[in-house]
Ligand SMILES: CC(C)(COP(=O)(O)OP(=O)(O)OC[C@H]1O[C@@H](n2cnc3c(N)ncnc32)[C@H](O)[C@@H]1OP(=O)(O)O)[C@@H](O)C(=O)NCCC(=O)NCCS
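What follows is one chain in structure tokens, specifically the form predicted on its own.
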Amino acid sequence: MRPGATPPRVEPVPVDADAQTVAVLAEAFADYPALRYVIGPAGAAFQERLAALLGFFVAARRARGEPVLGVRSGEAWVAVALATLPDAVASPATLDDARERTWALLGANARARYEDLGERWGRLLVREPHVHLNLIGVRKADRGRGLGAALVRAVVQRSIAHPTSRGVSLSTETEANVGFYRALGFELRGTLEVGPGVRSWVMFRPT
């Protein structure tokens, strides 16, 4: 955040702004190694496929009543974060249907790569109850304003307020992000290759 600037205001994103949430994440993750690995090579349909997968992630948070947080600039949402709470509720049948529709669009190979990715991440799973920061993204034009850090701090506050949470976990597939999260109190739990040429850093911030 620039010196003298007003701290960003983090708010719950309303359901009717889910399309904006997906658009922010699609811009932020257009070149992200893990999602490129899952979805497949860039091509004419890549952004459509990326939006479909991100749309499912947003729908999953909504179906389970989990946090979708954001920062607005005027009427537009320009930064968003999705999180999973401890003791997550079971997925409703409507979410199972949405999952199958998503993978039918993306294909069996993409699903297999995603499930393999999840299995590898599981090797460094944080065992204590915690909040997991699933995704965080900021519009390119709004970076450098401290919006990402404000969202991370808001997720940390959710963990502090939760009766069973012992901290916040996340993974990043961009090594340059490790220093950013360290500055916000996260410690490195481990690193491993989760796909061909894709390395993941798993981090945790005790609360």
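Small disclaimer: the values here were computed from a predicted structure and weren't measured. Position 1 is the first residue in the sequence shown; the rest follow in order.
If you look for the form predicted together with the named molecule, you will not find it shown, but the lines that follow are about it.
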Counting only non-hydrogen atoms, the one stretch of 22-30, 45-53, 59-67, 157-165 within 4.5 angstroms of the named molecule in the model of the complex is 22-30
My question is simply whether G40 lines the interface with the named molecule in the model of the complex - judged by any non-hydrogen atom within 4.5 Å. no
Check R36 for me: does it contact the named molecule in the model of the complex (non-hydrogen atoms, 4.5 angstroms)?
no
Please check if V131 has a heavy atom lying within 4.5 Å of any heavy atom of the named molecule in the model of the complex. no
| query | Even though the named molecule is not shown here, does I136 get within 4.5 Å of it in the model of the complex, heavy atoms only? | reply | yes
When the named molecule is considered in the model of the complex, the residues of 176-207 having a heavy atom within 4.5 Å of it are A176, N177, G179, F180, Y181
